[in-house]
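Below you will find one chain, with nothing else, as structure tokens; this is the form predicted alone, and questions on how it binds or moves follow later.
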Amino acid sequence: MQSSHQEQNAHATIPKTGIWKWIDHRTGIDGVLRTALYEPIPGGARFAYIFGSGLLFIFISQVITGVFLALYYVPSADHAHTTVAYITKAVTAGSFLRSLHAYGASAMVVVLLMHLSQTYIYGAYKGRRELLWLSGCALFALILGMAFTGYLLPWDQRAYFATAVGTNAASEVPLIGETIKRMMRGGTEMGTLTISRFFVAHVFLIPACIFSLLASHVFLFRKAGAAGPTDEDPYEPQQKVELFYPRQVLMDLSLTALLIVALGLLCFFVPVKLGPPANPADAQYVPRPEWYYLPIFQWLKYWHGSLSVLGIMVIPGVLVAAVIALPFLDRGAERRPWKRPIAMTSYGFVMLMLVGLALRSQYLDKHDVGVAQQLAKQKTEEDAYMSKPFEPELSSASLAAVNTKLADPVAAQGKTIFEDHSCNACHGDGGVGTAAAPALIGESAKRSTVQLQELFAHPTAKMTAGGMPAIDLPPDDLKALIAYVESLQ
């Protein structure tokens, strides 16, 4: 009786009236919805099957937030950080939007790992699902590629040095490593060409591949059908089916609702921070990747010299090949986890290794005094940068106006002293600021002449740590230098 009722539902149509009837006659959307909603699920709906829909939701969210972020972003070493700072500090809800995109990347990796784990544990790769598994593995690699290419785009200290480590790791590949590194960077050093290439990959190339593979993945899933519970036959399902709608739809929507609430609260209360602009000359910075790359980061530390080929190419290559070829290696019909001890032991070992490497990396950071102090300093610098208001870049016209000959001869003399003592090497021409030192424009509104004189003679501890020396000049030269700084409006 239940099966007959489900068959009737499967062939039922949504009532066609008014505008819906007009749209359906021109698009056939009614048939598409019936095909999507009335997918038979052997053994019935289960919460174990919700991760695929969760991934689709996060991917759509990433596309939407990415489009809005791209409206403001300029992919160049000169403007990338400034545009991200503008999004974070000046655009209405910009910090929330950027946080949603950043946390969405982590959420996608988490849900993807859960989806792959569920597929592996349930043996859902068995049967005629080889191509489905292969497309899923390719999607996994593309999503990691999206996370890697997007990490550089803010062009702050964290992004720059973490990506430098990642591209340097590529150079360890025998024979072609250096070529790969140069292709990724657009040269030997990281700069505008690097950002441009990462931006094109992140916004155009990889998403296009994901869209294509996602369509193929859904098609292959519909072709093979749902695998069902672990005691179901992977080739000829025998258990009573339940349609995808309504129970499985409601279960999938429950994960979507949970993701919306969790990501919303996280973005509101713990927004993603933006650090100071990238300064390639900072030899003290300690780079650390995102959490999902920590196991790889720690793994690379153990392989040097002649062993690097074994640790970077051979072992990971064998592991990746085994994962990709899994449906061809495990051809048995048995899907119950407790009846597959080798498969489950291998899965547990790999997961423990990944978690253990990540925890080991964090443990070493906390117990190495020098590294811990530097990481704490970097966090303080991030917090200090986030607390500052947005400072727009000066246009070329404004910079030209700053650098024109000053009407006040004393200030003009101070400009000469400023340049002769190489103050512009850190503070920039016209005092516009650089990654090494802040802008001097508008200092007269913050400090009096006496305060500036005292500050020049006795820099703060933070200024000294940044390389600012005490200024010891004759009184007339010091007066001229202060006059020049006060003229920078």
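Don't overthink the numbering: it's just position in the shown sequence, from 1. If you're wondering where the values come from, they're calculated on a predicted model, not measured in any experiment. In this text, rigid core is short for the largest set of C-alphas that superpose within 1.5 Å between two forms.
The same protein has a further form, the form predicted together with heme C, not shown here; the description that follows concerns it.
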TODO: Although heme C is absent from this view, report whether residue 418 comes within 4.5 Å of it in the model of the complex, heavy atoms only.
DONE: yes
Open item on the list: Taking heme C as it sits in the model of the complex, is residue 38 in contact with it (heavy atom to heavy atom, 4.5 Å or less)?
Closed with: no
Open item on the list: I'd like to know if residue 447 sits close to heme C in the model of the complex, meaning any non-hydrogen atom pair within 4.5 angstroms.
Closed with: yes
Task: heme C contact in the model of the complex: residue 422, any heavy atom under 4.5 Å - done: yes
Task: Option touching heme C, based on a heavy atom within 4.5 Å in the model of the complex, out of 63, 56, 436, 48 - done: 436
Task: Which of 63 to 71, 458 to 466, 48 to 56, 25 to 33 lines the interface with heme C in the model of the complex (heavy atom within 4.5 Å) - done: 458 to 466
Task: Threshold 2 Å Cα movement between the shown form and the other one for residue 36, core superposed - done: no
Task: Shift of residue 416 between the shown form and the other one at or above 2 Å (CA, core fit) - done: yes
